[in-house]
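Taking the form predicted on its own, here's one chain by itself in structure tokens.
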Amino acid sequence: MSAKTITRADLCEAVYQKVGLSRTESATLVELVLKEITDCLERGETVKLSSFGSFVVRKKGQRIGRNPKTGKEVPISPRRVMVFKPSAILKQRINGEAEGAVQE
């Protein structure tokens, strides 16, 4: 497996190569899509991309944590966290399984 990280620039270049828009238009398109996803998540909405997965915002309540260095208990304030849940199709693809293959 390679350790390559895909950047915004890489996504823009892929759109440029595959869709045929100009580089500027490709960059604008990628930015608009990412902004829309970000805006939806900020509002607490779930973003579901068919055959890819879902980005879900969850609320975590206040809890007591522990400082690992001192062992002292510390309150952890309530917050929202985002999780990604890959679709079954994406899981199959990253594991090299053919679509529709039956698992035993």
Partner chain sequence: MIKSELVQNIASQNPHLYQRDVENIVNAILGEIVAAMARGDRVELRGFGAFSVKHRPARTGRNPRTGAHVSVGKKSVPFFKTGKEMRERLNRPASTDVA
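The structure presented is a predicted model; accordingly, all values stated were derived computationally and were not measured. Positions refer to the first chain, counted from 1.
Beyond what is shown, the protein has a form predicted together with the partner chain; the following relates to that form.
A.B. asks: With a cut-off of 4.5 Å between heavy atoms, is residue 32 one of the residues that contacts the partner chain in the predicted complex?
C.D. replies: It does: once the partner chain is placed as it appears in the predicted complex, residue 32 has a heavy atom within 4.5 Å of it.
A.B. asks: Does the 4.5 Å heavy atom contact test between residue 50 and the partner chain in the predicted complex come out positive?
C.D. replies: Yes, residue 50 is a contact residue.
A.B. asks: Taking heavy atoms only, is residue 91 within 4.5 angstroms of the partner chain in the predicted complex?
C.D. replies: Residue-level check for residue 91: yes, a contact with the partner chain.
A.B. asks: Can you tell me if residue 59 lies within 4.5 angstroms of the partner chain in the predicted complex, counting non-hydrogen atoms only?
C.D. replies: Yes - in the predicted complex, heavy atoms of residue 59 and the partner chain come within 4.5 Å of each other.
A.B. asks: Can you list, in sequence order, the residues from 64-84 that come within 4.5 Å of the partner chain in the predicted complex, counting heavy atoms only?
C.D. replies: Contacting residues: 79, 80, 81, 82, 84.
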